[in-house]
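Single chain ahead, by itself, as structure tokens, in the form predicted alone.
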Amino acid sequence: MIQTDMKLDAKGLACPMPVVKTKKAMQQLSPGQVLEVQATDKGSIADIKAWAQSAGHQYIGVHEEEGVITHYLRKTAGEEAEAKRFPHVVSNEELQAVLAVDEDVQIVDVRESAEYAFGHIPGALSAPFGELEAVLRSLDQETSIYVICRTGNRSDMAAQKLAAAGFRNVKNVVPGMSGWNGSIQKLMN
């Protein structure tokens, strides 16, 4: 089950109403929150994705079951463009090289659960940024920790939190899942 912050029922509505209602619902969300939109209009697959991209929001993915098309979108507010401040940064390629030779690393994925469900690095721990405090005790302070999100911004803030909590071997992965071309695992198709 994917955790979302708001659900929108657009079933039975034809173009352009699913997009109109989605736009209105997104205005009610705070940056980082996830919207679930249920629709029956096949055109909504292309329409909602195109609208999300043009509006600067993240289209996480779509799931279709028994004629109901469920879209997942994450509201952004330009936070992806903010300056990265955590000093220890690795590229996606550097992380792939580490994973090829070292099994004793922990990948902490701080994206929302819906983002994680639609594709994450195998073995990564899902720890949405807003819930990071709750998983701190389960992490080994001596293990190398690679923090990843979609673009490197949330992971930057999470890496800072981990370092402040005493974790010594923390690295922020940039650009993150938006540029990941290694293997992924999905909970949703």
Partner chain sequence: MTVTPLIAGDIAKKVIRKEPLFILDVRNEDAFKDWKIEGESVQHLNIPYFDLLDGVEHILEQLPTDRPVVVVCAKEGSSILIADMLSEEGRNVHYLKGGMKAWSEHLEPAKIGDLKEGGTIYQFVRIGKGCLSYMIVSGGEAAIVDATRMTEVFTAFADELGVKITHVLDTHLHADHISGGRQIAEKTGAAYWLPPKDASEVTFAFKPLEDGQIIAVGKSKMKIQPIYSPGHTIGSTSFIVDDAYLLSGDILFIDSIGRPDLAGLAEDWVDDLRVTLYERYRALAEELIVLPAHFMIIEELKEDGSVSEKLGTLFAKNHGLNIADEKEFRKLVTDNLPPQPNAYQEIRQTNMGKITPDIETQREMEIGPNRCAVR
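Residue numbers count along the first chain shown, from 1. Just so you know, these numbers come straight off a predicted model, no measurement behind them.
The form predicted together with the partner chain exists for this protein as well; it is not shown, and the discussion that follows is about that form.
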Testing 136 to 144, 156 to 164, 47 to 55, 63 to 71 against the partner chain in the predicted bound form with a 4.5 Å heavy atom criterion leaves exactly one stretch, namely 47 to 55
Report task. Spell out, yes or no, whether the shortest heavy atom distance between residue 41 and the partner chain in the predicted bound form is within 4.5 Å. Result -> yes
- State yes or no: in the predicted bound form, is some non-hydrogen atom of residue 19 no more than 4.5 angstroms from a non-hydrogen atom of the partner chain? yes
Across 21 to 37, the residues having a non-hydrogen atom within 4.5 Å of the partner chain in the predicted bound form turn out to be 23
